[in-house]
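Quick heads-up: it's one chain on its own, the form predicted on its own, in structure tokens.
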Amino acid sequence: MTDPLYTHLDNGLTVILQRATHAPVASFWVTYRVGSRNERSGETGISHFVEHLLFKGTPQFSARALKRAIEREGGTWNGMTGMDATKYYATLPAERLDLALRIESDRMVNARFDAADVQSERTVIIAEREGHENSPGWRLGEEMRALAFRVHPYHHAIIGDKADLRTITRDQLYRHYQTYYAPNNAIVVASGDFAPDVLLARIADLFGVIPAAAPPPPVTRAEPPMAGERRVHLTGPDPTAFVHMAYRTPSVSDPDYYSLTMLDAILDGASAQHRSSRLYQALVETELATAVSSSYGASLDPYLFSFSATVRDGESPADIEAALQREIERVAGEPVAEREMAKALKQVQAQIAYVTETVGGQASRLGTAEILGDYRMLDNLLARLQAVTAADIQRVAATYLVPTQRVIGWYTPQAAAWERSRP
């Protein structure tokens, strides 16, 4: 692959074009700088709601016409909403990529937001949320996030609170769309078999005529420091118990992001259920848990380093919590061996290679990096991870994975035998 072509149109649209000629396909992504982070109380879930409505068509492309047009060309398309961004993509045969450009430039400004579509999608999204609520692990995660963030909008689930989903109006949705869906708040990324100069000219033709909007309001509600541990305990009919632990950690812009990423790899092997990882060996191999993982990802604002464990039948959440704490104390107190560091780095490299083996993965990753600061951070990502030392791992574990900065959650079946015996 060649280096990406990176530029801005006069209306503020960021364009990143990555040529990759190993297959005659191309993927086109539009990423907007809006997610659940940009929502306020009373409008939680509105970014995800707007995403749904953008698939309902425009005066030029009806919803049915959109779907048929993509499928007729043998393509795939979808959208996704996160905490920090909302993305739309289409992957097509390279010679048909213009269809994606026409669709995305049109719905950047001409989405319809019909009242009937708002009501039908409201029902769909509430049903989606209720499906999540059937999972005790999801409910526990929602409660813990709300405890971890009392001020910053990371406190609510991306899908939103049901009370808001029931009451958000068509006008609120359309206002959100007009505020955030503008070229100066968007990043266009394409990866695949095309001539970048030719594609850039076509993007300028279709997107360059869209006027810039006023800058969207900044997110200013910084989360205050935690003064101590916070806990939540849920019960319900589901027979499986869960333990979650989450610690306040820095955003992607902090230099410790790289050390924390490597810490995650040391504990969890850079992929779920890696059998040689520390957590798997300490909790699954010992038959305390049936599954365990850690998670730390890139975010615009400080977020969480999380642990999740599924309690084996007959074991107690207290024993799971104690085992997790022992592994945290171990990694904070003992230097990681050079061999283990090398293994973790290889696992991270393999995960990056897996994510970027398709043109869609390459485009998504470039857009995400630009949202988080600068797409060029990918150029030195591996070098920054390779520079992390065993001492760095100890330091960040001892700095951030401390009781005063954590939220602990238990979900237990109703009237579990060990629970009935507690005083």
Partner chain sequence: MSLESPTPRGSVLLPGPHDVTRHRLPNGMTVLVRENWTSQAVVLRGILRVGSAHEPRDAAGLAQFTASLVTRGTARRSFADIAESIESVGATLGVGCGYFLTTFGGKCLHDDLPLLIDTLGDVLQRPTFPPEHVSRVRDQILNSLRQREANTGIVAYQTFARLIYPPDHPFARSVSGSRDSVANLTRDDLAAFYIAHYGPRDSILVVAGAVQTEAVLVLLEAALGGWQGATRPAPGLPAVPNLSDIRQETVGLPGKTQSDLVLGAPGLDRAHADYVPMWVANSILGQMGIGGRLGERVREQAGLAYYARSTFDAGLGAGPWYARAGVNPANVERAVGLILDEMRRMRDQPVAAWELADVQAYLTGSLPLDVETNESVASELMDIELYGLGLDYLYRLPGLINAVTLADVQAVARRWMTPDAYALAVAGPDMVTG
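The structure displayed is predicted, hence computed values, not measured ones. Positions refer to the first chain, counted from 1.
Quick note: we don't show the form predicted in complex with its partner chain, though the next part is all about it.
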| said: Based on heavy atom distances of 4.5 Å or less, which listed stretch (209-217, 115-123, 292-300, 245-253) is in contact with its partner chain in the model of the complex? | reply: 115-123
| message | So its partner chain isn't shown here. In the model of the complex, which residue out of 228, 74, 225, 333 has a non-hydrogen atom within 4.5 Å of it? | response | 74
| Of 384, 68, 395, 376, which one comes within 4.5 Å of its partner chain in the model of the complex, counting heavy atoms only? | 68
| task | Although its partner chain is absent from this view, report whether residue 359 comes within 4.5 Å of it in the model of the complex, heavy atoms only. | result | yes
| task | Answer for residue 23 alone: is it within 4.5 Å of its partner chain in the model of the complex, judged on heavy atom distances? | result | yes
| said: Residue-level contact is defined here as any heavy atom of the residue lying within 4.5 Å of its partner chain in the model of the complex; does residue 350 satisfy this criterion? | reply: yes
| query | Is residue 238 close to its partner chain in the model of the complex, meaning a heavy atom pair under 4.5 Å apart or at it? | reply | yes
| task | For the heavy atom contacts within 4.5 Å of its partner chain in the model of the complex, list the residues of 89-103 involved, in sequence order. | result | 91, 92, 93, 94, 95, 97, 98
